[in-house]
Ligand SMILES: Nc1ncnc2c1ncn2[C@@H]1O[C@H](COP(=O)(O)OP(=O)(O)OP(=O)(O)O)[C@@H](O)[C@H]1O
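A single chain, nothing else alongside it, follows as C-alpha cells in the form predicted alone.
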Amino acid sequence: MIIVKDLHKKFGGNHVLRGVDYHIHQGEKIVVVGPSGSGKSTFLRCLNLLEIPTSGEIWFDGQLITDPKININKVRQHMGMVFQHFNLFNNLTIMENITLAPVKLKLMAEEEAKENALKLLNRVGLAEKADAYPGSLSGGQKQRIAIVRSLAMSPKLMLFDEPTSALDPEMVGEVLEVMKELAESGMTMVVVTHEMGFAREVGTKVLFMDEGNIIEENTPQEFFANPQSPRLKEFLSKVL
C-alpha cells in the first residue's frame, strides 16, 4: 500500500530523515517507536505530505504522491490522520466536526453523513455527545472523536501521531481501546507512540527509529524479546 524509497528530510541544517526505505502492506499495523528527535513523527507526516520530503519517493496505492503534479488533497481523502492535540474545530459541535469533510467534499449528502457519524459515535461510546462542543469533553473523549472524524471519510489507511501523549494517564486506555478495535477490524495503520504495551499487543511489525533511520524492525514478540542492535537494547532497557 505504501512504498518509501530513500526518503530524506532536512529542516535547514538539521538532517532529520536520512534515506528511509520501507514497504507497508494492506492490513498491517506498523508501530514506530524510538527516542525523541529520532524522526518518527517527521516520517509519519511525510507519508501524507504534511511535511514535504527533501528528496526520495513515496508511493501510495500505486500512485507516486511525491510527484509535484499530484493532487495531494485527493490522495489525503484516503488517509486518515490523528494528531497528538486532537485538532478539532472548537466552534463546531461534535456532529459538525465529523460531517464537515464528507459533506464539503461531496462524498455524502448531509443526512447520510449524519447517519454515518452516529454509527461511528456509537462505536466509540460517545453518541450522546453529538450536539456537544469539544470544549466540554475530556482529552480522551476528544481523541476518540478525532479518530471518528478520520473514519468518517472511510480511509484506506490511518496515521496516528502520538495519539495518547497529550492525555492524562487514566484516559490513555480508552483511546487505545478504540485503536485496538480498529486494528482488529482490519484497518491498515501506522502508529507513532510511546505505548510499548500497545506496540506489543497490536503491532504486526514494530520499527525502531534513531537518528533519522529505521535501525531495526521485527514482529512484536522478537522485537521486545530479542533486540539485535545495541541501540535498541539500550532504548528498551530505559522504557520497559
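In this text, all values refer to a predicted model and were calculated from it rather than measured experimentally. Just count from 1 along the sequence shown to find any residue number.
What comes next is about the form predicted together with this ligand, which does not appear here.
Chemist: Among Asn48, Thr42, Asn213, Thr188, which has any heavy atom within 4.5 Å of this ligand in the model of the complex?
Modeler: In short, Thr42.
Chemist: So which stretch, 29-37, 176-184, 56-64, 200-208, is the one near this ligand in the model of the complex (non-hydrogen atoms, 4.5 Å)?
Modeler: Within 4.5 Å of the partner lies stretch 29-37.
Chemist: Answer for Asn14 alone: is it within 4.5 Å of this ligand in the model of the complex, judged on heavy atom distances?
Modeler: Yes, contact at 4.5 Å.
Chemist: Determine the residues of 160-191 with a heavy atom within 4.5 Å of this ligand in the model of the complex and present them in sequence order; the list may be empty.
Modeler: The one in contact is Glu162.
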